[in-house]
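First comes one chain, alone, set out as structure tokens in the form predicted alone.
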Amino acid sequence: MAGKDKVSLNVAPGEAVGVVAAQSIGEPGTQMILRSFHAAGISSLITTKGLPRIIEIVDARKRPKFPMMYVTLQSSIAKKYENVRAVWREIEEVKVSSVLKSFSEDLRAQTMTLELDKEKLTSYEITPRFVASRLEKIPGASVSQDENAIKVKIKREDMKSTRTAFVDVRDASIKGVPGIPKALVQQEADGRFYITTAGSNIAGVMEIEGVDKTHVYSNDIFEVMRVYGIEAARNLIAHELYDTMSDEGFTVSFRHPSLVADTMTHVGTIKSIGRHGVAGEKESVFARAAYEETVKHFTNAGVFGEKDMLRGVAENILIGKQISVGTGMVKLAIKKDDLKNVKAKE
């Protein structure tokens, strides 16, 4: 297992690695609460950094609150700003609403008039005709253009569906990768440019010419799993946990978030740390009941005749039995003859 720190990764047999990992992540988490939620005057500026981001990861949220990507460009164009800017134009999604100055609707005539903003069209380097050509692809829509105004007529059965269609027209994507409302060109210290995005769509970005397909980074764990596989998602979980704590100024050995990532992904999909995931799917009845929903687990165990073999830590603590951790793993035996000799000496 490769780690980011220089500490030896050798683990003594019987060491309670789960408890140590929980303590190593949980203790900094209490400090993050103080820094994040108790800081006067900045509560409105809290984003998914610090503890909220850690909770988002270990809860295995299907979609992060603030998805983002780092898009690396091919080495042949990475230092050429104009080429990078051309890639940026292909990535950032432009909707009809992004270039609108005003609009009007006539529900009876089922027509909608769009007045386009010249400055916004220039900034996105698109023309009114380009916008009209995209709107023509909407089923049942007839489009006519007059300078910076576009008139759209959509045939629908009733007024409600017409109104819904008009909303869809304003939300229609005319350029860029769906799901990426904002993209920004940034430069590294060595002069190379890269693109950061608000929103994540790995598959869509990888189709754009000039993008280095092997170096597209997203903080969306489930999307990474869908595109790159479970091992990539496991690495992302471990590094996101480690980097989040490092950004807050805490020094944590990489082995601890790595163990959490292994636990969440070892079954081939991503499981949350909680009653709907890892803790709620343990083999032991006592271990499940000790976490949450105690009555439910005991009731189900009684109804279905489940057995608890008492192999884990939590269940043995509950019944007062020695746990198989540390010296508890050692089983000593003595020969009868040797025992007789010991008693004889006493």
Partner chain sequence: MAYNYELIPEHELVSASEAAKIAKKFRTPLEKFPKILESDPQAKKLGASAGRLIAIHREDPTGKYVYYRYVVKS
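Rigid core here is just the name for the largest C-alpha set that superposes within 1.5 Å across the two forms. Positions refer to the first chain, counted from 1. Because the structure is a prediction, the values reported are computed rather than measured.
If you look for the form predicted together with its partner chain, you will not find it shown, but the lines that follow are about it.
At the 4.5 Å threshold, heavy atoms of residue 136 stay clear of its partner chain in the model of the complex, well away from it.
Among residues of the shown chain, residue 271 is not one whose heavy atoms approach its partner chain to within 4.5 Å in the model of the complex. Its partner chain in the model of the complex comes within 4.5 Å of a heavy atom belonging to residue 227. In the model of the complex, at least one heavy atom of residue 235 sits within 4.5 Å of its partner chain. For the candidate set 141, 202, 121, 78, a heavy atom within 4.5 Å of its partner chain in the model of the complex is found for exactly one residue, namely 202. Of the residues 166, 103, 254, 193, just one reaches its partner chain in the model of the complex with a heavy atom at 4.5 Å or closer; this is 254. For its partner chain in the model of the complex, the listed stretch (168-176, 108-116, 237-245, 89-97) containing residues with heavy atoms inside 4.5 Å is 237-245. Interface residues of 246-282, taken as those with a heavy atom within 4.5 Å of its partner chain in the model of the complex (partner not displayed): 254, 255, 258, 262, 265, 266, 267, 268, 269, in sequence order.
For residue 65, the Cα coordinates differ by under 2 angstroms between the shown form and the other one after the core has been superposed.
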